[in-house]
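One chain comes next, on its own, written as structure tokens: the form predicted on its own.
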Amino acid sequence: MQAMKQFITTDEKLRQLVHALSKNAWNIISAGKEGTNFIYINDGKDLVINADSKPTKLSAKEFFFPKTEPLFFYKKNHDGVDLLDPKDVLRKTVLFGVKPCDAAAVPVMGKVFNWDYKDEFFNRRVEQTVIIGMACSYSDVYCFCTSTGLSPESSKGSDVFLKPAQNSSYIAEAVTPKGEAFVVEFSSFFDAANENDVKLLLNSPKGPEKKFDANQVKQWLDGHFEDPLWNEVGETCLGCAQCAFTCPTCHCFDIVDESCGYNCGRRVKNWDGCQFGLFTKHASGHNPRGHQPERYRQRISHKFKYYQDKFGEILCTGCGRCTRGCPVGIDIAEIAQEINKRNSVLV
């Protein structure tokens, strides 16, 4: 594998880069200072680049997979119906300071959005976006990236990856051709790194201890579609889908037609969640997942079995958002640990 090209930049240069991007009509996205979500900015003073910060409460996935997305508009006329494509207002975009658990989610989601049908809405947004990831030195009891095959220095999903160094500087690695082209285009904000620069790198963050073995979780799930565990966990779940909406990899959606009058409307794609009671309800009234334990089984199985069976990827990056925000304290990592225990008993 070819070594990634390394550059050096500083906090001040990155803020100046924001100004240059804004002048060139780029969209610029950064974590908000309050830590709730990612927001559009156009001033360098609003840029948040902080390896020590907690993950935002909401992930960055909505910039690739919006909460609500029009697919087309329609209008009835005398001869039939006119179909109108949504106005394409996509611009080149930079997503700054993304933690590994968010950046890695983009190629993971990309598997399902390019399965039997290529979702051009998702793909165009990914193509138009340069993801500048950053090593993460934050860890709390909810983090478990090391259990899903990632680490605080994973560059998966990033186009450019920043590693903090001394004197408010960063070693920037061009991970993809897109990232390298970006650094070349804005070369006045990046200098080629030499051995002395690399020596300025701060110690690599340790990250959370590995909490469970994902392979063992899958082995147990392969043979336990019916198990008392699902009642134990599922009966606690409120079905609010907070976990799905904050998750960087959950991608369930519904498609509905919305009327704006007797002769016009639109077809839209909206976020949905497998924890909702209506998610699998048929037009006949039958619901194959009629109770919350069955729906929570679906969540765990989708994360650690079904997606892996289909795409060879775990549908989880270990960010811990689902647990941090759960109103009844359901901890997905604890469930995986319990499954490991049960699997070891069987072995």
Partner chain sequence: MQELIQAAQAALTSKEAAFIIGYALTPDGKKTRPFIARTPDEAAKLVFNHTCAHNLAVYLTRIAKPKEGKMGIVAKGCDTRAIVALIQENKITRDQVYIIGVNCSGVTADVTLPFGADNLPSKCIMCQVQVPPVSDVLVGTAAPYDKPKDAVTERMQLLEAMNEHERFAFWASEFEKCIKCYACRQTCPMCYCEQCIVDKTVPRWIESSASLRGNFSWNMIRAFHLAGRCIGCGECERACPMDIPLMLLNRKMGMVAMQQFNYRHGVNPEEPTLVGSYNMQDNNEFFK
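Positions refer to the first chain, counted from 1. Note that the structure is predicted; figures quoted are calculated from it, not measured.
What comes next is about the form predicted together with the partner chain, which is not displayed.
Ok, L58, L47, I39, A51: which has a heavy atom sitting within 4.5 Å of the partner chain in the predicted complex? It is L58 that has a heavy atom within 4.5 Å of the partner.
Of the residues V198, A192, V141, A181, which one places a heavy atom within 4.5 Å of the partner chain in the predicted complex? Exactly one listed residue reaches within 4.5 Å, namely V141.
Please run the contact check for V328 against the partner chain in the predicted complex: heavy atoms, 4.5 angstroms, yes or no? Looking in the predicted complex, residue contacts with the partner chain include V328, since a heavy atom lies within 4.5 Å.
Does any heavy atom of T236 come within 4.5 Å of a heavy atom of the partner chain in the predicted complex? Flag for T236 set to yes.
I'd like to know whether A165 contacts the partner chain in the predicted complex, with contact meaning heavy atoms within 4.5 angstroms. No.
Heavy atoms within 4.5 Å of the partner chain in the predicted complex: does K67 have any? Within the cut-off, so yes.
Non-hydrogen atom within 4.5 angstroms of the partner chain in the predicted complex for each of C240, E258 and L278: Yes, each of C240, E258 and L278 comes within 4.5 Å of the partner chain in the predicted complex.
Contact stretch among 181 to 189, 149 to 157, 267 to 275, 94 to 102 - heavy atom within 4.5 Å of the partner chain in the predicted complex: Among the candidates, contact is made by 267 to 275.
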